[in-house]
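In structure tokens, the next block holds one chain alone, the form predicted on its own.
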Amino acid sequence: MTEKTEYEITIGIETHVQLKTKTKLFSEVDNDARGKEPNSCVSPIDYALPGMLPRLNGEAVKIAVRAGTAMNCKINPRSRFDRKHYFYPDSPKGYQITQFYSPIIGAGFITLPSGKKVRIEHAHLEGDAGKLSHFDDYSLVDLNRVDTPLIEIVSMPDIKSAAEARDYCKELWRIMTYADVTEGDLYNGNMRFDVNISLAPKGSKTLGTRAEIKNLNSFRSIERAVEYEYSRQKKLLDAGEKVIQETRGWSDATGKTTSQRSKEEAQDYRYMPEPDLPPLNLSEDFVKTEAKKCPALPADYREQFKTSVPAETLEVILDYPELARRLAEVESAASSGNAVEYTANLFASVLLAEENQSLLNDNLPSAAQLKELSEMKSKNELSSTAAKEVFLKLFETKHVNKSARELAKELNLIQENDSAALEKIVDKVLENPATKSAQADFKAGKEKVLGFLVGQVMKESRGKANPSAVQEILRKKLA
């Protein structure tokens, strides 16, 4: 029986990131076509009418510099545009304006939550193509997306598993959204991932033939597609067959990749310098000014909260930039790290409960409100359940100007901590004949009945007694 070959997987990922500009890359047309009629956000330049010349959007250049800075990349002082020629119904020009020979963003890296570094080969500016909608016997062309500004980020083949591919794409998505480079709406294609996968025998110095899976737009799909493609290529190699270099599509419904076309090489596109756009020259001062505009990134928050927030909790929060920023504000306002960890746990509890996630579309509680809520909880002025109730209410617009204490009072949720007042309530419960049997059981060593007695006190106090204080008083009186 022949021993089966062990294979190593090598993955490189090309990511298209739609830039957050008001207008397109080469014309003054609205860059946001969501919900608008097909072919309504189109200029004569997009239609490639005779005599129409492109004009570079300066804001896109600034955003590209910020994106490169966020990925620890070198910003090239001189770059230029090229024409990538191909004929396709969604491209009236017959070519795409891109940066093939001299991209604006050079080599860099991003660090995954695991600590692994994935190198970035380069990233270039380019205009997007249009969109085709296919039907049984015809197709429709929508040019609203033509020349939407993109950067295409090309990773080095440093990724070695489906989980790493998922983590790389997720971290890149976080970085681009935190840096305010893109809206980051995966459903509407603000970021799209093309995953190149190849297998080679373990220890081989030569990479295998790669297949490219196009236009993935969810992290789960990326992981599933890599897992499937590994199995597909392994079966071919085990059977002595060759892997074909090709472009493949992914179906979430079937969980499979399917062949779309043989993979083109650079010479198939016929690149040439773009004659209608001059080279892009960036001064050192320009690059430094734009780089300084890059805000705090996920890695910065991991470093900031590494001793105050559990890593698992923080990774949940980091999917929402506004929550991470609010957490930083709480840390600045609070006198102890407990407020930060408590607030982080509250945020995580909202994110993990689907019925509450819609709250994140509204106003977040202020740092002052969250600080006060944390202090009230630490002083046992609020039970865990009551504090959670106040927290959820703070998201409501009508409570935006109320303090956490005002709201807790309004909801009648502040716990009774006064020892003398609590002793009176405990005495009343212990005088009740209905609790005599439980008292006797506790004195006989049955600890569990203490919960029943605490419950009776909580009932008598209408839920306002501090359970810990009540338990302490009961133990003293029943000793």
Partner chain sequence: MDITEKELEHLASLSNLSLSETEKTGLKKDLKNIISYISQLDELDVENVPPTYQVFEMENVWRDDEIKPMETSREDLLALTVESFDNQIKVPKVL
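Numbering follows the first chain given and starts at 1. Bear in mind the structure is a predicted one, so any value in this text is a computation, not a measurement.
Absent from the display: the form predicted in complex with the partner chain. The rest refers to it.
*Asks:* Is Glu274 a contact residue for the partner chain in the model of the complex, using a 4.5 Å heavy atom cut-off?
*Replies:* Judged by the heavy-atom cut-off of 4.5 Å, Glu274 is in contact with the partner chain in the model of the complex.
*Asks:* Please determine whether Arg270 contacts the partner chain in the model of the complex, using a 4.5 Å cut-off between heavy atoms.
*Replies:* Yes, Arg270 is a contact residue.
*Asks:* With the partner left out of view, is Phe109 within 4.5 angstroms of the partner chain in the model of the complex by any non-hydrogen atom?
*Replies:* Heavy-atom contact with the partner chain at 4.5 Å: absent for Phe109.
*Asks:* Any of the heavy atoms of Gly189 lying within 4.5 Å of the partner chain in the model of the complex?
*Replies:* No - in the model of the complex, heavy atoms of Gly189 and the partner chain never come within 4.5 Å of each other.
*Asks:* Please state whether all three residues Asp30, Leu56 and Phe286 have a non-hydrogen atom within 4.5 angstroms of the partner chain in the model of the complex.
*Replies:* Result yes, every residue of the spot touches the partner chain.
*Asks:* Tell me which stretch of 151 to 159, 201 to 209, 276 to 284, 228 to 236 has a heavy atom within 4.5 angstroms of the partner chain in the model of the complex.
*Replies:* This holds for exactly one stretch, 276 to 284.
*Asks:* Heavy atom within 4.5 Å of the partner chain in the model of the complex: which of Ala465, Ile11, Val17, Leu25 fits that? Just give me the one.
*Replies:* Of the candidates Ala465, Ile11, Val17, Leu25, Leu25 is the one lying within 4.5 Å of the partner chain in the model of the complex.
*Asks:* Of Leu430, Val449, Leu413, Val61, which one comes within 4.5 Å of the partner chain in the model of the complex, counting heavy atoms only?
*Replies:* So the residue touching the partner chain in the model of the complex, by this definition, is Val61.
*Asks:* Going by heavy atoms, what in 123 to 146 lies within 4.5 angstroms of the partner chain in the model of the complex?
*Replies:* Stretch hits, in order: Leu132, Ser133, His134, Phe135, Asp136, Asp137, Tyr138, Ser139, Leu140, Val141, Asp142, Leu143.
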